[in-house]
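Next up: a single chain in structure tokens, the form predicted on its own.
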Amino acid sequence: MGCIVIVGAGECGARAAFALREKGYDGRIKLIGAEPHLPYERPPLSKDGLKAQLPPKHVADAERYAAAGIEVLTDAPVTSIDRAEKRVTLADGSAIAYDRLLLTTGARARTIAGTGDAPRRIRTLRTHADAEEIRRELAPERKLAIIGGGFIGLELAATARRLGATVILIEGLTRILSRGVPEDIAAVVAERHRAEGVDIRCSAKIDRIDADDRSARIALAGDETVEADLVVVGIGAVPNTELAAAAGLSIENGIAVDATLQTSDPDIYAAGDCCSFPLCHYGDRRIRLEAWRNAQDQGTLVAGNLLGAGEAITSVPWFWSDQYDLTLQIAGLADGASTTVRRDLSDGAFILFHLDDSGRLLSASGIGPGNAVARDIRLAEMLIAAGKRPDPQALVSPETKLKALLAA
């Protein structure tokens, strides 16, 4: 009987384990995680899970893993990979042999130099334990300073305001959501946050951060100081590639894999936040995605490829974020777009379509209350996957059904 070992017990690793069973694999499956919890979903950590102090939202309960014959090891960091002997070694010194190895080691929060040994008044948000620590400070008359105007920082700001905390958000660039979100949509998000009382400071340079057991102080250029009960650093994530690099696997903005998610070792695959891969819709450009949908899609795809399917990844990147009553959704990548057109929907919702010089649709970005843009973004995702070159005026007109453009 063979054994497939999965290192990294998050969304992607858990999905892959179950998909292996669904695809008929009857050998041993060992899913190994460094955290004390069963695999859980990370999106709620900055949203409802944080607001309501909910326990981790597990991908599955212990009974389901047992029923599927999946052995889950928690609180078990892997310290090395021996490719010659085909085994991994755990922190307790034990070793586990594998026939095929899947790395779903994810990513960790990026930190600011000099704050790694700071007291608990400076935090990041990546794990359930992080969320528990932050939640203790989110209450009326408490002040939260967030560094970074990306999705995590903004979702945390919205949750903190719902809980009554005072929030100041510090962004070093000229606007929030500068990575992959069009300026028009970022402006809507910024306006909504300001209406809720969030103090957004863009183009702000941080000179120093000091903290003690009671508070933190951020010294900004220009002799301004921001004091807060808690500082949360939300400036992106770093892929966990150390295991792979030490084992001699190729690294390129993550663990480098081919279109089937195979690494430079034919018996080792990688998937999810930790890997970079070529995407056919964008000229095999190598990208790395930190997204819930991507973790699910790659978990399912890599399971088949571990069993010899050899299927290339073709899914279109998709992101979403909740900001108060607004939902932002993006399908595709807008890099290389030369034309952008806007479709206005009801209740202030709108979608921006981004096309290249040939007229091919590269990306669609939308924002509106609730699910106002969800259906059209899903259809845009299908248009992108099909390589369509829709008439820009048809994209502008709400009377033109995107489904009809897909069929054309």
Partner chain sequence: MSGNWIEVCAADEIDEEDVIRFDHGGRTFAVYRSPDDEYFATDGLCTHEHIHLADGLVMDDIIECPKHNGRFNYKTGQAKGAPVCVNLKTYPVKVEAGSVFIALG
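Note that the structure is predicted; figures quoted are calculated from it, not measured. Positions refer to the first chain, counted from 1.
There is also a form predicted together with the partner chain; it is not shown, and the following applies to it.
Although the partner is absent here, N305 lies well away from the partner chain in the predicted complex, with no heavy atom inside 4.5 Å. Not displayed here, the partner chain is kept clear of H128 by more than 4.5 Å at the level of heavy atoms in the predicted complex. In the predicted complex, at least one heavy atom of R64 sits within 4.5 Å of the partner chain. Residue contact with the partner chain in the predicted complex: R375 places a heavy atom within 4.5 Å of it. Looking at the partner chain in the predicted complex, residues Y40, R110 and T124 place no heavy atom within 4.5 Å of it. The stretch among 100 to 108, 205 to 213, 293 to 301, 275 to 283 whose residues place heavy atoms within 4.5 Å of the partner chain in the predicted complex is 293 to 301. Residue-level contacts in the predicted complex: of D229, E133, D265, D322, one residue has a heavy atom within 4.5 Å of the partner chain, and it is D322.
Only one of the listed residues (L379, L362, V341, I70) places a non-hydrogen atom within 4.5 angstroms of the partner chain in the predicted complex, and that residue is L379.
The partner is not shown here, but in the predicted complex the stretch 303 to 342 reaches within 4.5 angstroms of the partner chain through a heavy atom at W318, W320, D322, T327, Q329.
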